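First comes one chain, alone, set out as structure tokens in the form predicted on its own.
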Amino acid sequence: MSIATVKPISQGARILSYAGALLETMDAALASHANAFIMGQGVDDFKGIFGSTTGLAEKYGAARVFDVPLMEEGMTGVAIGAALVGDYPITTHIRADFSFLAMNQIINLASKYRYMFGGLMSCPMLIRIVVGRSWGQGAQHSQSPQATFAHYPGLTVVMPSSSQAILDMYPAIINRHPGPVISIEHRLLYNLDFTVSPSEKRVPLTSYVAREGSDVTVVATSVMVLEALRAAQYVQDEAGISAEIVDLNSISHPDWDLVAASLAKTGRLVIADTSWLEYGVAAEVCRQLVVRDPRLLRQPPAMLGMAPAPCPTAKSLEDIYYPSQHETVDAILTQVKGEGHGIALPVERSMTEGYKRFRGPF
């Protein structure tokens, strides 16, 4: 089973990689807003943050696209100061773990200005953070801290899972959003190609249904949305199960009514996140649904995420540290048919190998 299903290209649609969508939106932001600039370690490098800022320094000059020293807190403070006086900074952390060094600036300052000054001051800025596994990143370069950021009021946290989500959300964020936005981009998505098309129905700054179904609800984030879509196609083909996929998308401002409506229809729930389960996104999904109506669940939900330990560096261990397609399919089948479902499961050695191997349209 391939990473994505090839679909017919509709009129006006095109194939665009995740990194390509980021590059287009970064270019458009600089072209459309004279007060916008991009800063971060490696943004002017020839690799350009996995291809998402390539060539922009040459096009717009070093005053608007520039590298920064290894001092995350200080540089984030510079960005916040620029935002407070009317500029629009786009900052990048090529590893999510490095953003921890800027937590004082993000949590104690950027997230609170609008509240502390009664709306008279705001701090509009975009903070791009890269998360996820790849080639043995190890314990200090592979963490996925969306739940940490979403815990604090004043921050908007999104996890775009496709090129379309980037094209739809980033301009809306840069053009109109009044406060700091943290966008968490998964490393495995950058080289994937997606079908994108102009449409009046845009990916919102909240949750949406990525695939309709009737037997089980899968609430997923980031690259796990793609894993859920693959699994949904597998269980439909192999067992006739109809899985509804909800892309949580905004971790800080999900559409809980939409999630609850899906669960009211299916009664069965699988949650697939890119981080640890303890005190995380999966726990919050369960809390929100149980508080609304515990009768929505016919049985305990299944949850998929990282193992409760620091990430190992060895690839053989890394492969079993993250949930596989095998586990995702099994969770869906077990929710609908029980533990003794007897249906053959897909066998994949590594999600990393699959995604890096794939280069076709989605």
Partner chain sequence: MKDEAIYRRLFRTALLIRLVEERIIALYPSDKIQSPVHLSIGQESVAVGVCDGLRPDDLVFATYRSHGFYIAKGGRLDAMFAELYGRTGGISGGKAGSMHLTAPEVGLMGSSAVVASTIPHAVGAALSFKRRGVDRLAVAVFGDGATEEGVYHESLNFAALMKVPVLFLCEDNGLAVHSHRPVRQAYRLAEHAASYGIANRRVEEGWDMLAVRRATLEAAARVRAGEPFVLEIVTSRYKEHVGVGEDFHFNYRTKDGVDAWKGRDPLIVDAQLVEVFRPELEREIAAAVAFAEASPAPGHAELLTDVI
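Numbering follows the first chain given and starts at 1. Since the model is a prediction, treat every value here as computed from it, not as a measurement.
The protein also exists as the form predicted in complex with its partner chain; that form is not presented, and the subsequent description refers to it.
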Answer yes or no: in the model of the complex, does its partner chain come within 4.5 Å of a heavy atom in every one of T221, P294 and I320? no
Name the stretch: of 102 to 110, 262 to 270, 184 to 192, 236 to 244, exactly one has residues whose heavy atoms fall within 4.5 Å of its partner chain in the model of the complex. 102 to 110
Though its partner chain is not shown, can you say which of H141, R211, R230, H177 has a heavy atom within 4.5 Å of it in the model of the complex? H177
Residue contact check: G154 to its partner chain in the model of the complex, 4.5 Å heavy atom: yes
Within a 4.5 Å heavy atom cut-off, is L277 in contact with its partner chain in the model of the complex? no
Is G77 close enough to its partner chain in the model of the complex to count, meaning some heavy atom within 4.5 Å? yes
Is P198 close enough to its partner chain in the model of the complex to count, meaning some heavy atom within 4.5 Å? no
Using a 4.5 Å cut-off on heavy atoms, what residues in 285 to 311 are near its partner chain in the model of the complex? none
